[in-house]
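The data below hold one chain only, encoded as structure tokens and taken in the form predicted on its own.
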Amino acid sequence: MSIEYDAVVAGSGPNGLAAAITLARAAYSVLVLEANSTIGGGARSAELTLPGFVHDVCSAVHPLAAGSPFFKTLPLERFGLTWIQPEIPLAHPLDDGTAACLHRDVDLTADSLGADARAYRRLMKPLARDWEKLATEFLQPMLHLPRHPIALARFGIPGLCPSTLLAKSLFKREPARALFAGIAAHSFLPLEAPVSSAFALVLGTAGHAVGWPIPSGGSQTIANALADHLAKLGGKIEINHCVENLDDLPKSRAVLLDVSPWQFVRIAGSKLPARYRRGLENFRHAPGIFKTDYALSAPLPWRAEACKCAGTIHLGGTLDEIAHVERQVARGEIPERPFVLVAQQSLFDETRAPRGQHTLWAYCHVPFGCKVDVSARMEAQIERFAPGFRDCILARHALNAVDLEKSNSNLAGGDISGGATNFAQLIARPILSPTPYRTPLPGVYLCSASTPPGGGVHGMCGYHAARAALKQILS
């Protein structure tokens, strides 16, 4: 390619597109290169099972997208993005046929938790009130001067705690403990690990402040809206262009890579200084996932009525059960009764399945790189809370951790987090620096989920990386 650009972005996931939009808004010419035949990275949708059934390939439910400070500055609704808010954002069923629920309203959630109402309200109400302040604080590198120190301290002090310790010290009854544990398990950390509570607080607070919405038509509409906005700004996207080497890129003043550190090591080769290269190679992976999409003949027959109105459902039972299986995964063991996350988008979005039929999106945590088919264990866990589930299955599409990497090279070993989210790797992501997006190579930046603030569809990694490039190279 002989055309020169101010910036080239490798990868068209939400972070790559966010980086490209940030640069294009500053009136720089931008080219995005995507290795796959479709854009979107982790925000894609496809007919994976049967014709007419639209499944989200990776991400499905988007509290951080709805609450993203960067996305809020974009006119994405003009380009077809519409958020759907399920009646209940999250339900967590228990074996007695009841379910603990996270409602948009903090007071409604608290009141549903009985004896733990006061403790829940005291914990979550100030955080929900401060969401706008907190979102700007934790959706950037941890090494920064806080603009809202009081709000951040109110979040950070409990957030540093292991979730088992915080939940058992705050809550007396199992429903509140289990609800908190299920949200904390999004960290992919053992629940006894420091900062695991931070994930429960961030996602729980987001649920109250902005909901846990789904995009009408599938997660692909997020990527499509970003891409259409980029095109309106003059940016270009080229698909089926895999970047194997930095020398393969067209000449530009800045290169932004929406790739993992391990991919960057491969792409940059001997150009990287030895010390920096070792740092990237030592960056630790998170556990992986096993994902299955289902075409269903009917809605799931949940025992708990609340689950029939919920967009997202956590299946793992009690806090102690979830803590046990997350410890197993961290040790490299495959749990017999895994923690399963499901989303039933077609209950709220009729575009997802033929009339009268439904989709189900589900995954469970497994050890990194796990090749074992755990479909039977996942389905037994769903059946535990929705007896008769298997009778509704028309077709299924399953991917183990290795298959996921083949579909998206950023998902190495099934790791959808871009690397472990322990305390050390939240601070040094992927290196210890106030500007971790910058690499030792002049004009080359990382903008993937392996940079702050980490995983999730929010675009903030790309936005911050592009801002760093604008400040250093393009200004």
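Residue numbers here begin at 1 and follow the sequence given. Please read all numbers here as calculations on a predicted model, not as lab measurements.
Keep in mind that the form predicted together with a small molecule is not shown, yet the notes after this line are about it.
Of the residues C242, A298, I150, A115, just one reaches the small molecule in the model of the complex with a heavy atom at 4.5 Å or closer; this is C242. With the partner omitted here, the residue from K291, R177, H208, R352 that has a non-hydrogen atom within 4.5 angstroms of the small molecule in the model of the complex is K291. Of the candidate stretches 408 to 416, 23 to 31, 45 to 53, 430 to 438, only 408 to 416 has residues with heavy atoms within 4.5 Å of the small molecule in the model of the complex.
For E326, no non-hydrogen atom is located within 4.5 Å of the small molecule in the model of the complex, even though that partner is not displayed. Within 4.5 Å of any heavy atom of the small molecule in the model of the complex lies no heavy atom of A200. Using a 4.5 angstroms limit between non-hydrogen atoms, F71 is distant from the small molecule in the model of the complex. Looking at L166, you'd find every heavy atom of it more than 4.5 angstroms from the small molecule in the model of the complex.
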